[in-house]
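Provided below as structure tokens are two forms of one protein chain, presented individually as structure 1 and structure 2.
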Structure 1
Amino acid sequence: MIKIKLPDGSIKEYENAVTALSVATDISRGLAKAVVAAKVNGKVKGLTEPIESDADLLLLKFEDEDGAHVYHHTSSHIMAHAVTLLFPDVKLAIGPAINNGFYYDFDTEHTFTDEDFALIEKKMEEIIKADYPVERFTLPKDEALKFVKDNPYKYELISELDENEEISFYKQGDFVDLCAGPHLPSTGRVKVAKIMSVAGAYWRGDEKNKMLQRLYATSFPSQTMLDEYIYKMEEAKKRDHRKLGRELDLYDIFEEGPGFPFFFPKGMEIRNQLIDYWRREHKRAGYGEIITPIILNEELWHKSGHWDHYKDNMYFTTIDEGNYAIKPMNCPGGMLAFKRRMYSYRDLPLRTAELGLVHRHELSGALHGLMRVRCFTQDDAHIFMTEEQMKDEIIGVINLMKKIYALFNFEYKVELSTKPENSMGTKEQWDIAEKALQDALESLNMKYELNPGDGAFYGPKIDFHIQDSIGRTWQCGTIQLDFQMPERFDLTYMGADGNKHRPIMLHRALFGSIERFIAILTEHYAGAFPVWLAPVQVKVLPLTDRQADYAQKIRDILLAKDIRVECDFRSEKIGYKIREAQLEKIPYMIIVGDNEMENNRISVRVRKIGDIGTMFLEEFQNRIVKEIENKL
């Protein structure tokens, strides 16, 4: 008998080999229709692949990340099938699933246009309606090479595989593609698909290779889900921080420095408000702030392990005939700051925080506004502690993280990433570190996902993925437990027994990168920042030149209360001034005419709701000061 264990602990028994689809059908027909793939003993498999021995089975729906990946991967084959029917001379390259969809790279003399999208989508519908079974078959390497001899891209991929490896292909109708799988059972399982865009892409990302055409697309189990996705994409375009950064004059990146951002006065107001808040919270949490140099001797990076694991992303320079590196991370400088003196066990835990400017070499194609840059400010911290203090310190960082994300109304999910293949340290150290992170999460009753093998090279980590107002997720906060750096730098403290002991170290960042966090906030709020963060909190709009002195007086009174205020003295109609202030996303507008001036009052307009009537300036001042103090 074959025993299939389900996530709830129940076991189903079968006399012969069984498929995940059969198990799903045994549970309910509705479930069998909803599932798209399965995890068998932790490995993603197709629903119709045979299970021939006892196994743990997790049935995957489209809502599961691995399930969506299989769904989109099959959709990429459907798109490639459609393109080959419409353009028979096309040569196929690769077509993986990606976040929220898939793409396929094509080599063809035909240039894809928006008009082609509708033709390809119509042909995809025909393939979906045909409900072709998606069938896997394998060939030995020599036969596989013969099979794809007319396609240089597939031939190259197969040539690099091991001689004894069986090469898998997937067939649907008369279309066959080289693929590792897994896939949906049939093309009819895909319900709706849409091509989103076309772009150029070098074969294998190498600019020395031929430029191919990449069709980006997505697919969903229902038209409603597709419509929601398209709405979010359109909303994301409106919220693009690169566009808003220019329109609101916050920040930008110029051709003279790709990946190196500029911040202008209004952008600096947002940045400084975040940093001021960050500093206050860290002081309250018992951190001391330090700053370490941007350039340090190359030997330091050999000692830290970054040379072996990160040198391709680093910048280097020569000073006085010595080799130096521009720091990609703050950690080694933090090690030297600790090592400068002998601490006692009474000094631990020692919490140090740093707003450190780091530089990392990113490929030009990976750069994306403030989201992916070559220099950024990491809100770093290093906590040095004993093994007994680990759990409490991790809990303290998690609680600080939760407090900060709550301020911006961010929901989040948490991942625990464990030892990667390329790592430093002993198994025992990793086991202790992983357990400490797990214990801290569980003691706070926090839900988390396990992400095996994705830890940092020096230790396991907890990552926070925040969700913005239109449902996108961004990895920001991280907590990394490290036994290795203190050992490599020979860090010690004096224990209660009078002997030297090795501290354990916690790396952590809350915003992750100040620049990237500002980009996320810009898109989260669509540029309409809350009052406490808004670069300009109030704009005073006099109706005519007669009210200019009164407007100036209002501005001076508000400035004295540290309220960020501007006046619009232009000789324009008030409707035009209001529209301009609305486009600038100013939280409050104060409108003053003769009536307001004569009665020593102001008319107030709120960005979100419009006019709220007249009031005394003191009343308004109390209102906005309270909002700023409460971070509203």
Structure 2
Amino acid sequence: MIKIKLPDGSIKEYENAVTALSVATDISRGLAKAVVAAKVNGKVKGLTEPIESDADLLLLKFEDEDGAHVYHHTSSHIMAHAVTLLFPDVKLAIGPAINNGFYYDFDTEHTFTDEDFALIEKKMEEIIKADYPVERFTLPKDEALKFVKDNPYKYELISELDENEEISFYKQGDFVDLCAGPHLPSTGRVKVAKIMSVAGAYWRGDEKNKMLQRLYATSFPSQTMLDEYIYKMEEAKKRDHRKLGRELDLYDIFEEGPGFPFFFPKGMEIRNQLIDYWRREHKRAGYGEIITPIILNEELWHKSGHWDHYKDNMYFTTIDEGNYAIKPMNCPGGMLAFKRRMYSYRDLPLRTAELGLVHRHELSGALHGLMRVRCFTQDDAHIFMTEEQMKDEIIGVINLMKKIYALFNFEYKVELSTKPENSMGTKEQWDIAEKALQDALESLNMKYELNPGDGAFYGPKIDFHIQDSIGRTWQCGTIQLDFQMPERFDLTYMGADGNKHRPIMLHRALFGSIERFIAILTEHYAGAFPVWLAPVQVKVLPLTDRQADYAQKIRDILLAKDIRVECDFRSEKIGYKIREAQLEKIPYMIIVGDNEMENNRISVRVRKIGDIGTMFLEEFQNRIVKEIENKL
């Protein structure tokens, strides 16, 4: 007797081995139709895989993340199947499910174009209609290798697997693919698929390898869901900071300076508000602010290790026949600032912040609006401390980061990145540093992912990643431990014992880059910034020329309270002025006609709500001042 326990606690009993599909059928026919995979004792399995002993069973639908994953994975096989039929010379590489879809990497002489998409989709439809059962079979490693001998990619993948491992394959019609699975029971379970784009992708993500052609696609259980997805993506694109930055006249990048952004008065307003806030928080958290030069002698960069590890990303220049570098990071300058005098252990931890403008030579193909630029302002800080202070300092920084991100209601992902291949220092130092970061994360109960080998060349780091409008994530905040720079620069402090000791250094940035952070904010708010950040907070709209003086008076009063206010004196109808202010995403409009003027009042219109009626200017002023103070 096999007992299958369902999530609601109920138990179904079966004489013999049973499949998740038949359990679903027992519950209801509708469920059997909707279910796409199952979690058996917490592991995702195919619906038709036999369950041979007692198990906890969770039936997965497309709506479940794991369910969608299986659904998309089978879809990727269908796409590979279709491509194989249309382009027989194609060699398959890998084709996993990803967020919102799937891709497959192909090696073929043919260059895929947009016109091929429709052809491939049509072929996929045929495979779906044929409703081939998707069957799993396994081979021992040596036979598996023989089976894929004509495909170097699959051959390489299998070669790396364990000798004794059973290698699983999935077969649908005549198409067979190496795959760990699981899969849908048959191809007909996929309803609609759409190829989204084609792009180059290096085999195994290594630029030394051959570049393959990657087809990105998605699939859904219904046309309606696909349409909704496409609509959603189009809507999301309207939030693109590059578009909004231009429309709202905040910032832009021109052909004359690829990767070098311009900020205009309205963008600067946002930037300055952020920085004001940043300065207040840092003063409170015990930081002193410094500024270090953008250009420093090349020697410094040899000493810091940047020459050996970061030269390709740096710009250089000559002054009076001397060689100079344009800083890609602020730390070496920070080192000089520390070294200028002697410190006591009583001075530690010493927290030094710098809004430092750094320049980096990024690959042209990597540039992306304000998200990825060639010059940006890091809200950097260097904390010099003793080993005992390390953990508390890390925790302090994480808490400050959490406080700032909470202000914007950001969802973020935390990653711990460890020792990369080409790094400075000893393994012991790295171990201590990595452990300190990990301990801090764990003592705060933070969820994080491990990202092995992705640390900076001088130390491991904790990174904070935030999503953009279409779900791409960007690293913003970062906390990096560094034993190397203090050693290279021979930094010391005087200990209680009268001897010189070496401090440990922590690099950190909260926004990460002001430019990237503003891009994230623009997309996060879809350009409708909260009052405290809005470039223009209030627009006064006189109904006719008769109210011009009154409008001006209102503006002057608000200006005197540091409220950012503009007037629209043009001889346009009120509807027109409102529409324009609305499109500019200005939080408050003050509308004044003869009525308001006679009663010494104002009409207020809120961006999100609409007309909220008339009030005295003083009432409005109290309201908006309070909102600004509370950062709403």
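Note that the rigid core is defined as the largest set of C-alphas that superpose within 1.5 Å between two forms. Note that the coordinates shown come from a computational prediction; the quantities given were computed from them, not determined experimentally. FYI, numbering is relative to structure 1, first residue = 1.
- One of the two isolated chains is the form predicted together with the RNA, namely structure 2.
- Remark: with the core as the superposition reference, the CA shift of Glu572 between structures 1 and 2 stays below 2 Å.
- Superposition of the core reveals a Cα shift of 2 Å or more for Val83 between structures 1 and 2.
- The angle of turn of the smaller rigid part against the larger, between structures 1 and 2 and from C-alpha superpositions, comes to 31 degrees.
- Once the core is aligned between structures 1 and 2, the alpha carbon position of Ile470 differs by 6.5 Å; this is the C-alpha shift at that site.
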